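Next up: a single chain in structure tokens, the form predicted on its own.
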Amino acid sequence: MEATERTTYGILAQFDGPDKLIEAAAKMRDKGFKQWDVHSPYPIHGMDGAMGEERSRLGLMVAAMALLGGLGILYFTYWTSAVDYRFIISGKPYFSYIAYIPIFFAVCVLLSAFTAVFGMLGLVNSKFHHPVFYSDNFAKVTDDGFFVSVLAEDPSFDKVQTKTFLEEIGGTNVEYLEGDD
């Protein structure tokens, strides 16, 4: 029987709660790790700061697209009603902006939603499979598990030293994320 070679994709460590996870994230950041992440069943206030994450550009992108879309649809409705097809209805002015508020709102919401979805996918470099799914223990993350994962691609990753470091900062159930090639 031939042994299959298993590739190490990273290390996963479990922590006792959100407070311990925030402390671990700060220590991971201070140690200089780059390719790592935290996993919890719910968002934890202050985690972005503990991880050293910058403020996301997504909100700015969404606001800009909503504004551009809104102004674009206002210009389009102005052009169609006051320039291209001038038609007086009941003595109203050619461009009665009040009539176009619903379409303005709808276009702003539509472009905001598309920008939020596709912008998020573009900014996070989405992957459809993550090495943490090699761990059976990781199934707890949707209920009561708090985890830190470090990818082997990290420049600071060393199989033995990283595992020791995760244990020193309070990690339990530390395991290698290994898969078959």
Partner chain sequence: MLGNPGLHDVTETIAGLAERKETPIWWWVAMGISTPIAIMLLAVVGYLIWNGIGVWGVNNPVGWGWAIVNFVWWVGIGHAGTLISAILHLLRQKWRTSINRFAEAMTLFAVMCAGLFPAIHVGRIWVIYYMFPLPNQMAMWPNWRSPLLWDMFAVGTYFTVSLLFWYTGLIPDLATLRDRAKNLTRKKIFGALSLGWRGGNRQWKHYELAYLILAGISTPLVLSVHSVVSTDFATSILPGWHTTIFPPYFVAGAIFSGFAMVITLAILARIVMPETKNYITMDHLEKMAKVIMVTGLMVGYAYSTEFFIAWYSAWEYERFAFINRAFGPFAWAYWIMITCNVLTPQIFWFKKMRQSVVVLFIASIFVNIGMWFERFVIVMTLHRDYLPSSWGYYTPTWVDIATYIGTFGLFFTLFLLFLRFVPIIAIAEVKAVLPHAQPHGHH
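All of these numbers come straight from a predicted model, not from anything done at the bench. Residue numbers count along the first chain shown, from 1. Take the two forms, superpose them, and find the largest set of C-alpha atoms that agree within 1.5 Å; that set is the rigid core.
One more form of this protein should be noted, the form predicted together with the partner chain, which is absent from this view; the next part is about it.
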| request: Although the partner chain is absent from this view, report whether Ser56 comes within 4.5 Å of it in the predicted bound form, heavy atoms only. | output: yes
| task | State yes or no: in the predicted bound form, is some non-hydrogen atom of Gly171 no more than 4.5 angstroms from a non-hydrogen atom of the partner chain? | result | no
| query | Counting only non-hydrogen atoms and a 4.5 angstroms cut-off, does Leu110 reach the partner chain in the predicted bound form? | reply | yes
| request: Please run the contact check for Glu167 against the partner chain in the predicted bound form: heavy atoms, 4.5 angstroms, yes or no? | output: no
| field | Members of 30-45 lying within 4.5 angstroms of the partner chain, judged by heavy atom, in the predicted bound form | value | Lys34, Trp36, Asp37, Val38, His39, Ser40, Pro41, Tyr42, Pro43, Ile44, His45
| task | Verify the C-alpha shift of Val117 between the shown form and the other one: is it 2 Å or more after superposing the core? | result | yes
| request: Verify the C-alpha shift of Gly69 between the shown form and the other one: is it 2 Å or more after superposing the core? | output: yes
